[in-house]
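A single chain comes next, written as structure tokens; it is the form predicted on its own.
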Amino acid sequence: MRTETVVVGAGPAGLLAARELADRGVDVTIFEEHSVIGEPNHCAGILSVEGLKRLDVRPSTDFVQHEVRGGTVFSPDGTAIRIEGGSTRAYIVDRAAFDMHVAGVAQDRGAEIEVGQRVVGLTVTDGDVTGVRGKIDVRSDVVIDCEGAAGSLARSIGLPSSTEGILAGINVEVPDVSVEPNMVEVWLGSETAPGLFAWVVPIGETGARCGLACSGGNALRRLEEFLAERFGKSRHLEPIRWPVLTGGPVSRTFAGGLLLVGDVAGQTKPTTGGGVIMGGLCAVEAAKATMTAYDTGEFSEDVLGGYEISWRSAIGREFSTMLFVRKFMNKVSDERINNLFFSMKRAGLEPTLEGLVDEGDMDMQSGVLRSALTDLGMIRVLAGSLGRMALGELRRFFNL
């Protein structure tokens, strides 16, 4: 079998890359190992309003379950900082339904999707990738690898995969609980979720999607202990587990005939582990680079390397900023976080934080972080809670 471009994996990144290519007349086929698109549904399901606009995906009742305006962040000792925006900032989505929706759009534009077809290897000819191997062998000009965090295909030809900042993620649906309808909850603390945080996401009138990602210990046990403390119970539906990536992009995302996109490229937000929007933006860049290759008739690494130049130019600084902040936060003790929250509450900074969030961007976070580090009230609190050396480290990174 032959197709012009193969996409490995029918997650959002693969589907968006295929949508863009099919829209430009490329013969593109997606191979998905699972028999149903969108399963398993491993995602907290919070997608920003701005992010969906950037990906040219219109919100739809097909996949939107709820809308949120803001959130409440809890320190390890339970001190709450409430940050509510003046309008809808994000949609809570059913990720399986979201993936199916994007798949439908890609198919409408001409992409072919083969489910239940696991790609087991890459075909390499004279040093360049020229197809994939599975139940059937497929020849192609370009392979866009969106296989996910495992990265076995990329590693098989010597490309790097994520090795740092890989957390154990777990999600459950919790029925019959009362949560504030338009606000998410984020719970910090090394006892609850070392390396990231726990979350409570409203999905209806009486239900929530709850989960956490952690760098050590039994994730399910940590989650059940959190649920017992938060709701007084731990009854929940079947847990879904997946690796959450917070280590930033890998060092190289292309080879002759091959592009890496999404989780396999580490293109997730180090601050939160979210990957749909950032991976989707990189998928669009991958489609552009592939079109350039078709225009020139060359599929070598010299031509396809333009993909890495373009995505790093567009959002590489955002990844670097978020990775710095993640590494910084991982060094801050629970005690200092408690002091920070107490000091912000005492200084009356919640309106300031709400203003920063209203003006900021959930996905492109460097702007709001820079604004926070230039606000005099925030500077005083950060200096007193984290220490002047830590504040200096933050400000030097932002050249302030």
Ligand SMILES: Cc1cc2nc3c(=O)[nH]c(=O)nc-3n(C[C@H](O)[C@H](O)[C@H](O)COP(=O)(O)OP(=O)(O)OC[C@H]3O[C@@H](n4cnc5c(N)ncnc54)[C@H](O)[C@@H]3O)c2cc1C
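Computed from a predicted model, the values in this text were never measured in an experiment. All residue numbers are counted from 1 along the displayed sequence.
There is also a form predicted together with this ligand; it is not shown, and the following applies to it.
Partner contacts here mean any heavy atom within 4.5 Å of this ligand in the predicted bound form, and among 334-342, 25-33, 351-359, 52-60 they occur only in 25-33.
148 is the sole member of 207, 148, 189, 256 with a non-hydrogen atom within 4.5 Å of this ligand in the predicted bound form. Exactly one listed residue, out of 270, 275, 71, 249, brings a non-hydrogen atom to within 4.5 Å of this ligand in the predicted bound form: 275. Under a 4.5 angstroms non-hydrogen atom cutoff, this ligand in the predicted bound form has residue 243 among its neighbouring residues. Using a 4.5 angstroms threshold between heavy atoms, residue 317 stays clear of this ligand in the predicted bound form. This ligand in the predicted bound form is not approached by residue 165, whose heavy atoms all lie more than 4.5 angstroms from it.
Using a 4.5 angstroms limit between non-hydrogen atoms, residue 200 is distant from this ligand in the predicted bound form. Residues of 247-269 lying near this ligand in the predicted bound form, listed in sequence order, are 261, 262, 263, 268, the criterion being any heavy atom within 4.5 Å.
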